[in-house]
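Have a look below at one chain only, the form predicted on its own, in structure tokens format.
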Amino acid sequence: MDRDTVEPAVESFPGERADRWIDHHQQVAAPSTPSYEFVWDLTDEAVGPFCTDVDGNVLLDFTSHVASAPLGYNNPTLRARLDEFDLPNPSKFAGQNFYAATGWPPDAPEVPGPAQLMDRLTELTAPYGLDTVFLSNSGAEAIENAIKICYDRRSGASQAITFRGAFHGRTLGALSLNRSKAVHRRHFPEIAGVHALPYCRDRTCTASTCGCGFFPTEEDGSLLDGMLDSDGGHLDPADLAYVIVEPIQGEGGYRFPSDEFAAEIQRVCERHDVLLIADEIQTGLGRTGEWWGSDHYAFEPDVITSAKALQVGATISRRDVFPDEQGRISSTWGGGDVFAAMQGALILDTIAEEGLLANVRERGEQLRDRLREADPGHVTNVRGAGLMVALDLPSREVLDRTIRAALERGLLTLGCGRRSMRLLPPLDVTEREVDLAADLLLAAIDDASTDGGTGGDPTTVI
């Protein structure tokens, strides 16, 4: 497969083999998040955003496996580095404080392992004063450990603040913070004392033009400030363990907040010495054109959670925020997945060495410009930061039809929120690939607006 010339090619979707594979999978798999019928063939050709499914269809993947494959398929720099190493057996061992050397010396071995991944993460978060990492398996575990260390740090504090539209994971603690879809939390027990505030939905708003309710009036200040006010507030700052925020909301609909919203959260947290957790699981590690989504705003997080592109979960904070008492946080596989840690470290190296942050900014602007200039009649609010791009369609029905129409042309996209489409191409996506995707998407939008034979049941990854 030649990345410079390959184009999407779809005969039928889903094909006969995909139907059989999915049927076999579902016989033993517990029901989970619905997905369209894409069955990636790991034994066939794939490069950059292009991959092949089990029926031989060539697809242009603008989902990056929900941002967890930041360099797409078979990035040559990453592939060459991985191919250099003979992996040990076992490649997973027990935990953060079970040690294994991956070469010598420990600060620069030939093969980067968990310790070197943590080195890289503290370098990337040094501007926020963060110097300590706990590795885990997933983003949800990174969130769980973040809230645990915050509760521990403010001993006795029992309250927390999240935001409407938030999504932080599917473990019980993380679910308690979610405010995006009722199906995530319904009938599950929750952590008590979690309050939800409006999340900004207009990146240009000020206190005087706020439409989400975070600033009820310019004179009264924000709801967050009012909740903690010593005179009229109903929440004692000493009882508030943390505020958790996505710098840009993902699952909730790709909401990009205003500068004033972010600055107010930071100001209030500083004023009351409240710990601020930035959930960077989707926004972090170059996706927005900066290393962290927080870099675009006034956020100065005390804790950053990372995963997806990192290949492991990571809770990053200051030494004084983590518990001193041994055993307060631990995990069998936390810090013990040599291969995943090596992948994560090499992904960070590749992003830096290939200067991909600049490419992310340029290609993201190109994609947004293409969509805005075409100005499809029923598409609104084309938005984004870097290669975290979204657009709104009139309804969920039209969104689903558009995703299906794009699939039939060989373009993989994702839904989010109630009626938004998100586009997450690999960070090394090329100008040609962005133009290809834009052409396919605009044709799909046109067909879906007239329901041009794209019926069926287009369930989407959300």
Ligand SMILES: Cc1ncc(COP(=O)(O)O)c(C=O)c1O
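Model, not experiment: these values are computed from the prediction. If you superpose the two forms and keep the largest set of C-alpha atoms that fall within 1.5 Å, you have the rigid core. So that there is no doubt, residue numbering starts at 1 and follows the sequence shown.
Separately, the form predicted in complex with the ligand exists; it is not shown, and the next lines address it.
Exercise. Do R255 and the ligand share at least one heavy atom pair within 4.5 Å in the predicted complex?
Worked result: Looking in the predicted complex, residue contacts with the ligand do not include R255, since no heavy atom lies within 4.5 Å.
For this session: Please run the contact check for Q96 against the ligand in the predicted complex: heavy atoms, 4.5 angstroms, yes or no?
Result: No, Q96 sits far enough from the ligand in the predicted complex that none of its heavy atoms falls within 4.5 Å.
For this session: Answer yes if any heavy atom of S222 is within 4.5 Å of a heavy atom of the ligand in the predicted complex; otherwise answer no.
Result: Taking the distances in the predicted complex, the answer for S222 is no, it never comes within 4.5 Å of the ligand.
For this session: Classify I281 as contacting or not contacting the ligand in the predicted complex by the rule of any non-hydrogen atom within 4.5 angstroms, answering yes or no.
Result: Taking the distances in the predicted complex, the answer for I281 is yes, it comes within 4.5 Å of the ligand.
For this session: Report whether all of S138, F167 and E246 sit within 4.5 Å of the ligand in the predicted complex, measuring from non-hydrogen atoms.
Result: Each of the three qualifies.
Exercise. For the chain shown here without its partner, which stretch in 74-82, 320-328, 367-375, 168-176 has non-hydrogen atoms within 4.5 angstroms of the ligand in the predicted complex?
Worked result: Heavy-atom contact with the partner occurs in 168-176.
Exercise. In sequence order, which positions of 294-323 have a non-hydrogen atom within 4.5 Å of the ligand in the predicted complex?
Worked result: Read in sequence order, the lone residue that approaches the ligand (within 4.5 Å, in the predicted complex) is K308.
Problem set entry | Core-aligned C-alpha movement of P34 between this form and the one not shown, 2 Å or more | After core superposition, the C-alpha of P34 moves 2 Å or more between this form and the one not shown.
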